[in-house]
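Structure 1 and structure 2, given next as structure tokens, are two forms of the same protein chain, each shown alone.
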Structure 1
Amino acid sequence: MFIRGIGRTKFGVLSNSLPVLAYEAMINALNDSTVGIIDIDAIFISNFLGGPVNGQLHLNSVIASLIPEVNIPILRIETACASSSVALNQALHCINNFENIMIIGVEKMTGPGLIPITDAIAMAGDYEADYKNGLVFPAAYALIAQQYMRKYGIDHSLLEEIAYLNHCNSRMNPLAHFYYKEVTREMIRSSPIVAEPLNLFDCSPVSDGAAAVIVSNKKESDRDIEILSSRIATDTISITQRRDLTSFKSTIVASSKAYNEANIGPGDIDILEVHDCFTISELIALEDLGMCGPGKAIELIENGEISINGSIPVNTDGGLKANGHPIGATGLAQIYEVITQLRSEAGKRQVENPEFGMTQNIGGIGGTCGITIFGV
């Protein structure tokens, strides 16, 4: 199974509607590939907030309206912020019945909405156990950060460094939400507290955007990148049911299965995109994915190992933190970056001679995890 085409829009506060964003990503993916729309046999749509924010469900038919003469199967997939990695996974299960499948992730999060965006995003968590009691996502990740910092004896300066590195990377990515903005360590350090110990620059932005990939059951070009594994694991929705807040079991389980299927280990990964919706989640991801032992992510960061020139470059596009987090498109944007890197087409942010790439896409607070591994 191979990625034959990739496309995305710019991420940020955009004027385009949800269908227009989806269409732009579709066209860009087709233009990047060797196939036309008539060669696409099925489409999977990843979207989380179309109903509560945009008043638009039945997105499969919305996409069909963009290509009215192409009456193919189109399905919508929703697993919160992990929707697009799960959509890809489900497409791969169907690829033996088709030749080419397109996966589209799209989200319109800014502008007028049916309900406040905070309330809408909270639907990815446990309404009864958490949200009704005031545990919104920044507060939940703040509790995780408090536990991690106490357990391993770190302070907020480590999280500040993660934010700074991601913003430095985003300034080399013209499609990133924060491409235009220079963010200094002092800006990060002095930004207002959102939920102790997390401040404004610990949190990913509210973004609009779309991304798309085309998957094929055969390779046609040297630019086609092989999918070595796609695995999903699911955990409880509420952190009140977790024994340990400093690790996400869904990541450990899904990545272990993905490594086994791809027949590689953590040390083989040359480019890594992790789900840093909050800076603390990047620390946890590095450990859960086996890039280091528990509590050792601090050493990777302090030694410069996760920088573009380090031993394991992480979030070279800026990550969710600075590239942006249009929820339904996030996992596909991670894949877009990994494929771009494996093709050696990333320009100023290019990693030297990458062979294997991995994405980690989380839904909720570790409630769903999608892991995808690619190789050249």
Structure 2
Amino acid sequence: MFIRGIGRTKFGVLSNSLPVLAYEAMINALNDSTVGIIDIDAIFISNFLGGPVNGQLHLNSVIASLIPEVNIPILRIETACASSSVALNQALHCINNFENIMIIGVEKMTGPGLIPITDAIAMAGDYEADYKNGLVFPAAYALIAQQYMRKYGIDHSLLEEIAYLNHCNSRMNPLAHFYYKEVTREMIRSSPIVAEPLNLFDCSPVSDGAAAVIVSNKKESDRDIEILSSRIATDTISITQRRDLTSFKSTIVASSKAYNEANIGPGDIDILEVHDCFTISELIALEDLGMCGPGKAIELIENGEISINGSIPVNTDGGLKANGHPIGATGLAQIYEVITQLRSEAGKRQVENPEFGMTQNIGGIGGTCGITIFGV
């Protein structure tokens, strides 16, 4: 199975509506590929907040309205922030019945204001056990950060370095939410606390945007990149049911199955996109994916190993932190970056000769994890 086309919009605070964003990503993916819309046999649409935030459900028919000339099956998938990698996974399960499937991820989050959007995002957590006790997402990840920092004896400066690296990378990605913004270590250090110990720069922003990919059971061009594995794993929705907050079991399970299927190990990955919805989750992802042992991600960061010229470049597009996090599009944006890198089309942020790439896309607090591995 192959990725035959990729497309996305800019991420950020955008004026376009949800259908317009989806349309732009779809057209960009078609233009990037060797297929036309009449060659697409089905579409999987990934979105989390269309109902509560945009007053729009029945998204498969919304997408059908953008392409009235075809009346193909269209299906919506929702697994919170992991929706788009799960949509890709489901499309791959169907691909043998079709030739080309498009997956579109879209989210329109800006507009309602911070409190309504924070409440809406909280639907990705447990309503009874977490939300009713005030555990909205920044607060939940703050508890995770507190536990990690206590366990491994680190202070906030390491998280600041993760934010800084991601913001530096986003300055080389014109489509990133924070492409326009030069960020210094001092700005990060002195930014206001959101939920102790996490400050503004530990958080991914509230973003609008869309991304799309076309998967196929045939390779027709040198730019088509093979999908070596796509695996999904799940875990409890509430962190009150977790003993250890410093590791996400769903990442460990999904990635170990994906490595087995792709017949490679963590050391073979040349380009990695991880789900850094908060800086602490980037540290945890590196460990859960086997890039190092528990508590050792600190050394990877301190030694510069995750920078573009390091041994394992991570989030070269700026990550969720600085590329942005339009929830339903995020997993596909990670795939967009890995495919761009594997095609050697990433310009200033290009990693040298990558052969294998991987994405880790989390829903909620590790309640879902989608891992996808690609190879040239």
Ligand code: COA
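Numbering for residues begins at 1 and runs along the sequence of structure 1. Residues that one form lacks are left out of the comparison. We call the rigid core the largest set of C-alpha positions that still match within 1.5 Å between the two forms. Worth saying up front: this structure is predicted, and the values here are computed from it rather than measured.
Undergrad: Could you let me know which number goes with the form predicted alone?
TA: Number 1 is right.
Undergrad: With the two forms aligned on the rigid core, where do runs of 3 or more residues move by 2 angstroms or more at the CA atoms between the two structures?
TA: Only this run moves by 2 Å or more: 112-115.
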